[in-house]
Every structure is written in C-alpha cells, then in structure tokens.
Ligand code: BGC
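There is one chain below, alone, in structure tokens, taken in the form predicted alone.
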C-alpha cells in the first residue's frame, strides 16, 4: 500500500510540474507578443508646466489604442539627461522616438545617431534644429504671437507701453511667438519698453522681472507673457502692487488658472492650443512611421539646414467673451473656470 501511495503522490507531483511549465511558457509567449508591438519612446522636457501631463496622457492613450507601447521619460529640464534618455531609447531599438526638446539646438547629434540606427524621429511641439527629423508636429507658433499682439492692439487702442517676458531662449517656439507678436504690433504706437526671458521656462523669473520694473516707478499698460505659467507670476507681482486688473496680461496654453483669471478680470487673454488633437495626431503619425508609411502634412519648415515635413495646427485666442464657446466642456468645466466668480 505504501508503494502504491508513493506512486500516486509522484504522479500528482509530475502533473503539477507539467502544468507549471505550461503556465510559464504562456507568460513567455505573452512577453514575445508584447515585444512585437510597436515601441515608441517619448522624451519629455518636464512636467512643471500643466499642459505636458495632458499631452503625455492623451498621447499614451491613443498610441495604446492603436496597438503601440510607449515608454515615457522625463528629463526634468536637463539637456544632458534628455540626451541620455534618447540614447537609452536607441539601445532599446525603439521604432519611433518622439521628443519635446529642452534645447532645440542641442540634439542634432543624438537624432542623427537614432536615424542611423533606423529609428524614426518626431519633434513634438518644438522644432529640433539642424537635425532633419522625420516629422515636426506643432501649432502655428507665429500665429500664437500674432493673436496676442492683435488683441493687445485692440485693448490698448493702438498706443501704450508694454513689457514682454518670453519663455526659454533655447525653445525655438519662443522666437516664433515673439516674432509673430512684433509683426502684429507694426503700424501701431505701442512701445515695447523692456524684454526678458524665463530661462528653462522658470515662471518665477516673470515675478522678479515685473517686480523690478515696477520698483523703478514704471507701470506698463500691458504685459506679454510667454505662457500662462509665467502670467501667474506676473499677476502675482501686479497684485502685490495693487495693479491686478489694471494692466493687460496675455498668455498661452489656456491653463485652468489662466481661464479663471480671465473671467475674474486679472488676465486679458490666453491662446488655446487643442492639445488633444496634437497628441492624438502625433500618436497616429508615430504608428504610421513605425509601419513604414509617411503621413501627409500641410507644409514644410526649415530647421536651419533641412526642410522638414510639418503638421501645423491652428491655435485659438480666448477672452472672457468667447470662454464658454471655446473652453467650457471641451478643455475645462464651467464650475472650475467660474469657481471664484459669483453669477
């Protein structure tokens, strides 16, 4: 009987062992199948600015819907870290690398390395200079500045003194936005008294810039801000000097705080850039490139050396008058935007 019991126990253990091996093989097969999916590396500047988290989430969601896998890396505003992350993507043999460049002039060599490895490269929102990326997708950044300038001209009735606090000088979009803004002011009697830049998009620089300007006894009629994050600090400086709402303030990105300020009357306008459209389109184009297709684009842009296919999307000016039409229910909810406003 003992021998029979031993044989039965041995048989049971053998069956369990075989079943266990079958499960492990199944898991390995799943790993193989996952590795067969399109692999996209997404190198981002940082998440300090509110919009970048939205971009990431929408992009990843759309890419996964299309059957791709996305590895997101955050460089925290450090160029050397971003280069290392892109090199990591190259080592991992990604099919496509999507880059939100910290410094548009510092990535040409690593992009060339990626392209030599057969990896497609997309410049997301910010152009990478002298790099000949496969695709550049962004908004019409010159038009962003034009919209700011046009609404300031209207608000100031074509005369007055303004100051400008642009974003990071290493961001190619900053040059385009400021160029569009200056063009929009041509033919008016609006004087740009002082111009500053927020290195690495540090919004606090806007607070110091305005505080120093006001300390000299100067009060501008308007302040052009590189984005809504900078505008937050600018309005803070104005508030501390009891000038909030008396000086016109512009921005871009349609951050929730900016939309709240617009309906409250302390910020004049922002520029809404449909991030959902940008991120989803970028994900679709990434998958198409990985599959060997070249998506059609509306235009090309010169990166300083090469003509690059450019998917150009339109921005929209947002004021108190069209807030409900453009933003409410599409980007922010009404109860959030009008939180501090009693109806």
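These numbers come from a predicted model, not from an experiment. Positions refer to the first chain, counted from 1.
This protein has a second form, the form predicted in complex with the ligand, left out of what is shown; the following refers to that one.
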Closest heavy atom of residue 252 to the ligand in the predicted complex, within 4.5 Å or not? yes
Check whether residue 227 has any heavy atom within 4.5 Å of a heavy atom of the ligand in the predicted complex, and answer yes or no. yes
Are any of the heavy atoms in residue 143 no more than 4.5 Å from a heavy atom of the ligand in the predicted complex? no
Partner contact for residue 153 in the predicted complex: the ligand, 4.5 angstroms, heavy atom: no
Please determine, with the chain shown alone, which of 91 to 99, 167 to 175, 217 to 225, 106 to 114 has non-hydrogen atoms within 4.5 Å of the ligand in the predicted complex. 167 to 175
What is the one choice in 213, 207, 201, 248 with a heavy atom within 4.5 Å of the ligand in the predicted complex? 201
Picking from 60, 301, 49, 290, the single residue whose non-hydrogen atoms come within 4.5 angstroms of the ligand in the predicted complex is 49
Would you mind checking 289 to 320 for residues with a heavy atom within 4.5 Å of the ligand in the predicted complex? none
